[in-house]
Ligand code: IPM
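Okay, so here's just one chain, in structure tokens, the form predicted on its own.
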Amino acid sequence: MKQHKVALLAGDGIGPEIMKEAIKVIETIEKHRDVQFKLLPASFGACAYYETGKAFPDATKEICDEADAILKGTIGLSHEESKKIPIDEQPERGALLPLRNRYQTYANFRPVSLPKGLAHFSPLKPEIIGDGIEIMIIRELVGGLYFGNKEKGTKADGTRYVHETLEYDEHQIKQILKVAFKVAQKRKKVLHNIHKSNVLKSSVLWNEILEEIAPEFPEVEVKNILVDAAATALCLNPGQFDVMVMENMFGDILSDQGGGILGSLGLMPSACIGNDKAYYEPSHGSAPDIAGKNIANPYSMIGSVALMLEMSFGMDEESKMVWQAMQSVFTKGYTTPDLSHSGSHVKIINTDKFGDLVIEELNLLLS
């Protein structure tokens, strides 16, 4: 029997609620397959800070080090509550960025998947959605502006200032571009390179390295597009995209726009992959305004399990079944209050009922 250790970082806000549904899926896979998942819960984010004084405690680091993969829930507090935590221990700075840095999870995969049967969630017109949208956004995750040198101070005349540096080197750019080329080669053999080389020298270097790598993948057609033009095109003609690759901040913004195309970030899981370790998480925030109400949709958390099954454990068949099970629940007309649309004639259910229906579908598929 195969055994896998999975660190569970439930996090803040709705994190524990949707993590509970993800665990149901993992346990269901165990019942039907010759595999055992050893689940290792650990504290992470604001909840960890209040428990230990650290957003990413040493005990949690040890558990993550031991695990074969990390399944992470949502972290963060409301703006007002965040101000009660020291800046360097606020969840994003004190937990999330250190997690990425510790395991060098440089490749972020965010699927923007909208089958035709789920098109009613999207704000886009049916003629724009067509037969559905299937885009893989690949974002560099451990470089750029987020990880460059930062300085805040006051000038001699009393004017406050901040310096933040956008830093990339050849190795960082090359490794993410190779990942993107390999993914594009397995799909439609088209890679959209998103950049801002008319302004940023970091994009000039990025594009130089892309041109050096491209001959290694002669079957892949590269299409270059400025990031602002890409943002427009995602709304007007998303069907032109298949695989998109970009630096850290561009990826942060455009992948959230991808969530807007779907109708909610609640429909977008993600995978963060390094050479030795990976973590999987919803792309959305902790939604403190609805935490504890049992109304958050667990799709992105369960979808993160599907990505983990495929990308860390090679369970491609089971991963596809998880996706199919979730989409079956939607196509049968069920949804949660956070995703509902007035006049859409859907059956409103709560978080754990959605999870239960996914398990019912999954049991049928796995049997």
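When you see a residue number, it is the position in the sequence shown, counting from 1. Just so we're clear, the structure is a prediction, and the values are computed from it rather than from any experiment.
This next part talks about the form predicted together with the ligand, which is not shown.
No member of the trio 71, 277 and 304 reaches the ligand in the predicted bound form with any non-hydrogen atom inside 4.5 Å. Heavy atoms within 4.5 Å of the ligand in the predicted bound form map, among the stretches 223-231, 138-146, 204-212, 190-198, onto 138-146 alone.
A residue is said to contact a partner when one of its heavy atoms sits within 4.5 Å of a partner heavy atom; residue 100 meets this definition for the ligand in the predicted bound form. Using a 4.5 angstroms threshold between heavy atoms, residue 96 counts as touching the ligand in the predicted bound form.
In the predicted bound form, the ligand lies within 4.5 Å of some heavy atom of residue 252. Proximity of residue 170 to the ligand in the predicted bound form falls outside the 4.5 Å heavy atom cutoff. The contact with the ligand in the predicted bound form, taken as any heavy atom within 4.5 Å, belongs to 92 out of 164, 216, 81, 92.
With contact defined as any non-hydrogen atom lying within 4.5 angstroms of the ligand in the predicted bound form, the contacting residues in 248-286 are 252, 281, 283, given in sequence order.
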